[in-house]
Each structure stands twice: as C-alpha cells, then as structure tokens.
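Coming up is one lone chain in structure tokens, specifically the form predicted alone.
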C-alpha cells in the first residue's frame, strides 16, 4: 500500500489542490448548519444565542405550510425542464448526426448553442420585448391579426409561469445538451453502421437500433446527475421573472431561502430550509441511482 502511494505520489500531489479547495469551500462551510438549530441574531456570536432544537424545521413543515406550494412549484418546473431538455436535446443531437452538409450543420449548431451564453438579464429583456402585454411583438401581432382582443399577460399571470420557465430553460439548454449527446454519438463504433448498411438498413432503422441504444448510458448518467438538482432552481431565472402577480406559482425553494435569509435576515430559518433541500436532493440521487441499477443495470456508483 505504502509503496503504491509512493509510486503515484505525483498524481496525488496534482490532486491535492482540488481536494483542499473542495474541503475549504464545500465542507468547512457546512459547520454553518449549526445556525439552523439556534435562534441566531445579527451582531451576536453564534455561540452566544440559544439552542432551539428542531423549531425552525417545525416552523417550515407545521406552522407555515409554505412547503406545499414551494415543493409543488419547485418539483413541477424542474421535472418538466429535465424531461423536456433531455428529450429535445437527444432528438436534436440525432438530427445533427444525420445532416451531411457540414456548413449547414455548423450554422445550426452555433445558433442552437448560442442562447446558453446569454445572461438572464438579457434573456428577460428579450422576453419582455416579445411577450409584454401591450408592447410585446407577439401580443401586438396576435391583436393585429384579430386572434386576440387584448394581449396576454404572459410575464405577469401566474397561469403562464410554469410554461414560461420551462420554455426559457429549454431555449437556453437544448443546444448545450445536444452537444453532450453528439459527443456520445461520435464514440459509437462505425462498424455498427457499416454492418447495418450491408444489411440494407434505412436511416430510421439505424437510428432506432444503433444510435438510440448507444445513447442510453449517457442519458441515464445525465438523468441521475440531474436528479440531485431537481430541488435546485436557476436562481437568476426566478429572480428576474418572479413578480408580485405571479409569485405564488413562480416562487421556489431557492427564492424562499433568499427571501428569509437575505431580505428578512432570518438566517436560522433559511438555513433549516436549505438543509431540508439538501437532504431531499441526496435521497433523490440515491433513489434514482438505485432504480436505474435495478431496471437498467446502469448506475454511477
């Protein structure tokens, strides 16, 4: 054992900065979870405030009932985003693989990948230009063509909130996800396609019998990794698009933690909600990984 460690000492030395960084920035801050079990007040040392046990957790689950709409919003929007992003990313990658004109392929890839780099501030400006109730291009056209008598309040009405978030997430992410699947397609042995050509298989048959089965391991790994983030929402997106008229359908756990932690300075309660979110996320990762291992014999650990 010692001889093996000494032999690979340079590899461990190269790994050490990353391990130290993870310890400092990811594990040492977990000591702050102590705050969830105390009645912390700004200006006092955490050791000078009284212990309150599980009171902050009871407040979230028993007294406030906020968890009902928070879990509904968070799970609904994130699950829909995961399903749609992965499905359309997979389909887009398969279509990319079938395009034979290289210039056309590169152009479409660039166009689909570009929204991934656009900040949510600019995304909000673009959405406002298209979807604003009175001045948005879409509403103006629909009213002009006589389809609507007045514009739809897509950015403010809560009944459009989930559709808006899922559509924006898809617009920004599908191009990026398709690149991941496209990299997996490039790793498929060409002799499988050559054998299919000899057997006279059509394009559709090659996609169905070769491309899609070879993409399943990548799809399962991405699905398992994303399952751990199903309670983590894109804060920038919700911060920009949440407003007083749609908050009940738009507010998610991350926005709730931000509201109590940084706006109302109730650090103890916000930390307790953050712990709940972390624990549920870990359980989801292990559950999805176990289900995948049982039904597909593929897992990441």
Partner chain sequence: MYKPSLGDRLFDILNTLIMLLLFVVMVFPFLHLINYSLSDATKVSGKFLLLPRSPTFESYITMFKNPNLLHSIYISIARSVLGTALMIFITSMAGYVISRDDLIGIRLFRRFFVLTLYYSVGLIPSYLLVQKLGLTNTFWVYIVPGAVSVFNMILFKTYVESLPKELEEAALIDGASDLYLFFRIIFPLSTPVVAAISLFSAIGQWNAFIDTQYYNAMNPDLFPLSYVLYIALQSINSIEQFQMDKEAMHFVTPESLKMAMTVITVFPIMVVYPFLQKYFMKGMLIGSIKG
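Residue numbers count along the first chain shown, from 1. Take the two forms, superpose them, and find the largest set of C-alpha atoms that agree within 1.5 Å; that set is the rigid core. Only a predicted model underlies this, so the values are computations on that prediction, with no experimental measurement involved.
Separately, the form predicted in complex with the partner chain exists; it is not shown, and the next lines address it.
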Close approach of residue 147 to the partner chain in the predicted complex, 4.5 Å, heavy atom: no
is_contact(residue 203, the partner chain) in the predicted complex, heavy atom dist at most 4.5 Å: yes
Close approach of residue 51 to the partner chain in the predicted complex, 4.5 Å, heavy atom: no
4.5 angstroms heavy atom contact with the partner chain in the predicted complex for residue 151: no
Region of this chain that lies against the partner chain in the predicted complex, out of 153-161, 188-196, 119-127, 76-84 [heavy atom, 4.5 Å]: 119-127
Non-hydrogen atom within 4.5 Å of the partner chain in the predicted complex for each of 68, 208 and 295: no
Stretch 77-94: residues contacting the partner chain in the predicted complex, 4.5 Å heavy atom cut-off: 92
Residue shift check between the shown form and the other one, rigid core fit, residue 53 Cα at least 2 Å: no
